[in-house]
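Okay, here we've got a single chain as structure tokens, the form predicted alone, with questions on binding and movement later.
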């Protein structure tokens, strides 16, 4: 069989990653499908199996040892990674006040530091070849932030900035860099969020200062996802189309809402843009101090 270029995709066992994996399996690319060790059984559940072109490997993107191992295997067996698709990620739901230092680190470690480390590993061989493609799944959360999603948006904003620098740096070697920006997707994989201990407690406690933020934002986001016409399969098609474009742009909106928000950011004055989005937040008039809480002594309010 005439095997094509070698593709490595992270977080390939569920959601968008699984949809991209299935799409890649219909091509002539040589594919490395990776996921954490505990997630590998999902491939068999979805009838995704190894073949002459497909290799399934464990990869916790935060593991230096596993990152080095997968890139070394690809270089040994197929001359290196030609196309890297950074898809693995996690999402914390918490207001800034409810994110502790270790949770900031965990969010940034998976969503920002680890994909950049994988890029660093594959670049030398790409430069030697004078070609290569890096496609990283960002988010609408990388161009606009929502309340209760500060850590997630911070990780995506960081990706956006680093990739913009990278676009300039590696262009002389013919390496193409693209940020894929999905918005809301009707997918269970995109509904898996982590709560910090404080954000979980706040959502459950009626008297907590941020209770209304959580109880209104969570169902609001869920409704937007369920009503979206975008699916993992439709976004996966955008990924493959981007891979095949001769000169893909730095940023590719992957859903209609991503395109719409990008347009709004360009045409509206920034103050108007933020005012409009604030007014669109669910039941935002109920957020903040309630009459009962505002009447309490400050020492009591601080202990709520």
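Positions refer to the first chain, counted from 1. As the structure is a computational prediction, the values presented were derived from the model and not from experiment.
A second form of this protein, the form predicted in complex with a small molecule, is not displayed here; the remarks below concern that form.
**Student:** Within 4.5 Å of the small molecule in the predicted complex, heavy atoms considered, which of 185, 83, 71, 217?
**Tutor:** Residue within 4.5 Å of the partner: 185.
**Student:** Please identify the residue among 272, 27, 51, 62 with any heavy atom within 4.5 Å of the small molecule in the predicted complex.
**Tutor:** Looking at the other structure, the residue within range turns out to be 62.
**Student:** Would you point out which of 245 to 253, 262 to 270, 275 to 283, 35 to 43 contains residues with a non-hydrogen atom within 4.5 Å of the small molecule in the predicted complex?
**Tutor:** Among the candidates, contact is made by 35 to 43.
**Student:** State yes or no: in the predicted complex, is some non-hydrogen atom of residue 132 no more than 4.5 angstroms from a non-hydrogen atom of the small molecule?
**Tutor:** Residue-level check for residue 132: no, no contact with the small molecule.
**Student:** Verify the contact flag for residue 152: yes if a non-hydrogen atom of it lies within 4.5 Å of a non-hydrogen atom of the small molecule in the predicted complex, no if not.
**Tutor:** Yes, contact at 4.5 Å.
**Student:** At the 4.5 Å heavy atom threshold, is residue 176 in contact with the small molecule in the predicted complex?
**Tutor:** Residue 176: no contact with the small molecule in the predicted complex.
**Student:** Using heavy atoms and a 4.5 Å limit, would one call residue 98 a contact residue for the small molecule in the predicted complex?
**Tutor:** Heavy-atom contact with the small molecule at 4.5 Å: absent for residue 98.
**Student:** Each of 93, 108 and 200 having a non-hydrogen atom within 4.5 Å of the small molecule in the predicted complex: is that the case here?
**Tutor:** No, the candidate spot makes no contact with the small molecule.
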